[in-house]
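Given next are two forms of a protein chain, the same chain in both, each as structure tokens and marked structure 1 or structure 2.
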Structure 1
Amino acid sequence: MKHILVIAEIFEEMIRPVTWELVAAARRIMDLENSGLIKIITLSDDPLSLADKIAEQTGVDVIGLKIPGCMGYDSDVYKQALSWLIKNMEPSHILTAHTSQGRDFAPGLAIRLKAASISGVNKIKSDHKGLIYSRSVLSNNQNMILRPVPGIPVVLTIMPGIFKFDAHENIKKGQMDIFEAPFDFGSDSSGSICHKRIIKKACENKVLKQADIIVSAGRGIGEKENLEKIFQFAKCFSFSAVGASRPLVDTGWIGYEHQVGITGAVVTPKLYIACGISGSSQHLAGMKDTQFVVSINSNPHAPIFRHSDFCIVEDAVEFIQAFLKCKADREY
């Protein structure tokens, strides 16, 4: 029976929640193919406690790969160690998260395993010929349907926030196997790149996570000066905060503490107002559990509209200006 392998996402010796979503995606594949055996792989200098927790929470068998000297994520380490472990397992699928970590090592791992590679998978289906995968293209406005070459393994990076993990009560704990990689990745022998330490940027996104209403800005606001209107708009609501898409943070328009998405804050407000945000999968994953979503965008085909309760097809800045003027007139 072919293995469906899940690479657990570990950061600072903690299991990231996207790992459970990968297990849900693996179960989806197993159900569609009506075959397969899921196993989860976790890498660490000391993987025992991580493997134990994963086995307990998922009921899936776990392989803990002990890598002496591996104190944090390293692309070269992951590719070498995983290819060494996986090459004799003959898996049908290897799943990792479409995060900065997964996107980094997945293509290189696929090359080493002589496997197919599909990134950013947002849907898994099947037809009479077998499994097919969907991924977003053209600025998330369209989906591309892909079918890998049969008979070879496929490495998939799965979009966070797509597959929901259902925890079962009274689940039987999975079995654990601990292996040690036959190489040392200590700081003096890890090759051209080695992990030293993680330096975190000082920021605070508690305001975002505690807000009842979030007004978020995207590239559709046009220019940095229009952020002032976003802040004015947010002040019209009680218990509100200002959020932003990653492009605005990357360009330096606004601080990282405002970023909503996979690499920013994951928020669950009562109301989320997206202003000029197209709706990338990474951003949607950060606000997917919002109770009510209002989107303002001049593009009627913006992907964000497919995930909104109320859609306003209008230039976001012009709409906000009209809203603020109307509010000022009423107060006057």
Structure 2
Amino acid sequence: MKHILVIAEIFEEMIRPVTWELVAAARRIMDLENSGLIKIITLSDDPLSLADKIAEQTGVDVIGLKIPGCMGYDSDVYKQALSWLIKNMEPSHILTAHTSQGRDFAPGLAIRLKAASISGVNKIKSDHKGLIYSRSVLSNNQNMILRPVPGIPVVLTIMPGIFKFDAHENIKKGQMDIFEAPFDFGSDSSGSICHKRIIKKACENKVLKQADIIVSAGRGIGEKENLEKIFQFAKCFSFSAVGASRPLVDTGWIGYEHQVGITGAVVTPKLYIACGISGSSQHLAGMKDTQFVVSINSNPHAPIFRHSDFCIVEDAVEFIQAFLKCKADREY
């Protein structure tokens, strides 16, 4: 039986929850294929406690790869250690998260393993010829379905937030194997990448995270001056805050503390109003668990409309002006 391998995601010696989603995706593959043996791999200077926790939480067998001197994620270490370990296992699938780590090492690992490589997988299905994988393209407007060529393993980076891990009541703890990698990455300064430090961008986004109502602006608002309208719109609501898509932050129109999305804040307000936001997967990841979503976009085919409760096809700024007028009229 071929192995379906899951690479656990570790950050600062903690298991990232996306690891459980990878196990769920691996189970999906096993169910569709009707065969396969899932194993989870974790890399660390001291993998025992990580492996123990993973085996306990998932009930899946875990391989802890002990790499002396591996004090956190490093692409060279991951590619070298994983290709060394995996080469002898003849896996059918290797699953990593579509996160900054997974996106960093997965394509290179695929090359080393002479494997197929599909990134950002958001759906796994099968047809008469086998498994096929969906990934988002064209700013989330469409999904492209791909089929890996047969006979070689496939490396997949799995979109976070898609596959749900349901923990059974009484999981029988998985087995653990601890291997020591036959190379030392320790203080060796000959490595091509040298990690200096990890910094956290100072960010006070409590206001955004605690707001009941968020009015968010995207590139569709056209110009910086129109942000004022967004702030006015937000003032219509109590406990409200202004959010923004990343491009507005990147161009310096508004501060990072307003950014919603995978590299910004993840918010769950009662109401989210998206003004001129296309609905990229990276933005959706930050607001998809909102109770109630309203979108204003001039393009009737904007992807955000598929993830909205109410859709308004209008120029965002004109609509806001009309809304403010309506509100003033009713109050009068």
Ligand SMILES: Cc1cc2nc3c(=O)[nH]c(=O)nc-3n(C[C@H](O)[C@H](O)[C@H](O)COP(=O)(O)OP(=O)(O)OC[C@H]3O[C@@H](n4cnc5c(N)ncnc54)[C@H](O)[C@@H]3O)c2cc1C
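For the two forms, the rigid core is made up of the largest set of C-alpha atoms that agree within 1.5 Å on superposition. Remember, it's a predicted structure, so these values are computed and weren't measured experimentally. Sequence positions of structure 1, starting at 1, serve as the residue numbers.
- In this pair, the copy labelled structure 2 belongs to the form predicted in complex with this ligand.
- In a rigid-core overlay of the protein, Gly161 has its C-alpha displaced by under 2 Å between the two structures.
- A movement of the C-alpha atom of Gly102 falling short of 2 angstroms is seen between the two structures when the two forms are aligned on their rigid core.
- Fitting the two forms on the rigid core leaves the C-alpha of Asp212 displaced by at least 2 angstroms between the two structures.
- On rigid-core superposition between the two structures, the C-alpha of Glu225 is found to move 4.0 angstrom.
- Once the core of the two forms is superposed, the Cα of Glu257 has moved 3.8 Å between the two structures.
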